[in-house]
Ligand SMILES: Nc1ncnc2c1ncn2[C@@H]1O[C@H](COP(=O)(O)OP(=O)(O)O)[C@@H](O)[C@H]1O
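What follows is one chain in structure tokens, specifically the form predicted on its own.
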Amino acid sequence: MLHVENLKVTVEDRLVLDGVTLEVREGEVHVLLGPNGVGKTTLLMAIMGVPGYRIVSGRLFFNGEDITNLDMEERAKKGIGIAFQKMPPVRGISLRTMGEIILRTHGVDDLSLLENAAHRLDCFYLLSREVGVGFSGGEAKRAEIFQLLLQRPLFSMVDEPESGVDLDNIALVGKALKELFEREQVRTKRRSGLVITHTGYILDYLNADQGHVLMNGRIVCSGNPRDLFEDIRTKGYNECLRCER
């Protein structure tokens, strides 16, 4: 479903990704591990086409189509979605209005889906508030996943769903993500995803197929996500570099 080929990306003229190659097949969920500041978020932003993350070489393919030069809106229409690490506030628009816009954009008239998603994530009380304005860490994460549930993308990227979130909220978010990835087929395709994690808590809820360690702007190790996380927990990330050498 997603193929990243030797991707090099700059942010403010600084090379952050230095030749990342990654493949996520249809129906697979992959997790991305790595220390702070190594380019994990940059990879997600580059795949989404967020302005400011400039691809200087390499290519991106989605469902066999080269999307390297498409803008963010075009990528979203093709079925790519993202939940940011830090929810960008949108003043003047309530979360309910945003949800209605998402549903109508995807040709859905049944607004009961909005309230059902809000109840599942215990964020019904947030619907009347401006998107992301004054939200706590847990509220922001639930609101981000709420929007993904309504969008129902073919390929979902989630940046640190556990960041700033207590254990109760991690459970809500984890169960919602599990539902998102395991829902029925859409457009004859099974959903796939890429999730960044630092704590590994989200692995208690996701049936992750593959894990990758990103360091020094490239993927240095791939394998069973739980085994990778346990090795990192006990030996640290430097062991990944030693093994690569």
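Counting begins at 1, following the sequence as shown. These numbers come from a predicted model, not from an experiment.
Beyond the structure shown, there is the form predicted together with the named molecule, which is absent from this document and is the topic of what follows.
Interface membership of Gly27, defined by any non-hydrogen atom within 4.5 Å of the named molecule in the model of the complex, is ruled out.
In the model of the complex, the named molecule sits within 4.5 Å of a heavy atom belonging to Thr41. In the model of the complex, none of the heavy atoms of Phe181 sits within 4.5 Å of a heavy atom of the named molecule. The closest heavy atom approach of Glu12 to the named molecule in the model of the complex falls within 4.5 Å. Checking 41-49, 215-223, 199-207, 58-66 against the named molecule in the model of the complex, the stretch whose residues place heavy atoms within 4.5 Å of it is 41-49. For the marked spot (Val16, Pro35 and Tyr53), a heavy atom within 4.5 Å of the named molecule in the model of the complex is present in each of the three residues. The partner is not shown here, but in the model of the complex the stretch 84-121 reaches within 4.5 angstroms of the named molecule through a heavy atom at Gln85 alone.
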